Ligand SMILES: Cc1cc2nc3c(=O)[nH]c(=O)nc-3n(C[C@H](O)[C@H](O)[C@H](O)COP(=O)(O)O)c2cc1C
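What follows is one chain in structure tokens, specifically the form predicted on its own.
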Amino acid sequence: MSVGEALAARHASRVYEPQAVPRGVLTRVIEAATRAPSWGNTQPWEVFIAAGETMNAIRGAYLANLRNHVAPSPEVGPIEVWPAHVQQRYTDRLLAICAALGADPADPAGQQAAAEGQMAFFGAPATIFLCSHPGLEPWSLFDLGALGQSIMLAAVEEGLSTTPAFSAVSYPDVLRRELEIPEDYRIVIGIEIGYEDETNPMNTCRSVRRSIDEVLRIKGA
């Protein structure tokens, strides 16, 4: 598989098969991905993976928090206000997913189901959590992004699907308890990983990409 083929094949999955990912496969994915570049070769990342009973314990705690209206407290905060043109792409993606399911995005029951899907990690059998040391942001976030993309491409080569998810780091206290993450690490992002349920309509939706003419400016070539 070429890099271009892996880039084209990678997409966020929304429903996973329960089949476990072997420990050796997870290790290969991370080992390959750590070839990612970082500022001055600082490699500011720390990686924790939840699988098996640990993953189930995290999933159960997240769902309980959601149902008990416990507010999320991610350690790297969300974007509060998107520029209008960026917000439109976000909205278009949401509407496309709802259309694939035949769901009404304004329906409270549908909203609750969507939230529960997120807090259940879409049924993924494992999740990779990327951490860094406080005080290294914002630049180390670029390094973790490079690692994250490398993880997702390495996963494609292994026949796996992934979902980078802000919702995966909603409750850091749960993650620290179950994964024994030290207090001096900042939990940045989670990447769900597993085998995609290819029969589920949630996984038929693909994001529309901006045209290269809209994105790219070249001068002098």
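From a predicted model like this one, the values you see are computed outputs, not experimental measurements. All residue numbers are counted from 1 along the displayed sequence.
Below, we turn to the form predicted together with this ligand, even though it does not appear here.
> Taking the partner as it appears in the predicted complex, which of 179-187, 164-172, 54-62, 31-39 has residues with heavy atoms within 4.5 Å of this ligand?
Going by heavy atoms within 4.5 Å, the stretch is 164-172.
> Verify the contact flag for residue 12: yes if a non-hydrogen atom of it lies within 4.5 Å of a non-hydrogen atom of this ligand in the predicted complex, no if not.
The answer is yes: residue 12 has a heavy atom within 4.5 Å of this ligand.
> Residue-level contact is defined here as any heavy atom of the residue lying within 4.5 Å of this ligand in the predicted complex; does residue 204 satisfy this criterion?
No, residue 204 stays farther than 4.5 Å from this ligand in the predicted complex.
> Mark residue 133 yes when one of its heavy atoms lies within 4.5 Å of a heavy atom of this ligand in the predicted complex, and no otherwise.
No, residue 133 sits far enough from this ligand in the predicted complex that none of its heavy atoms falls within 4.5 Å.
> Taking 4.5 angstroms as the cut-off for heavy atoms, does residue 122 touch this ligand in the predicted complex?
Yes, residue 122 lies within 4.5 Å of this ligand in the predicted complex.
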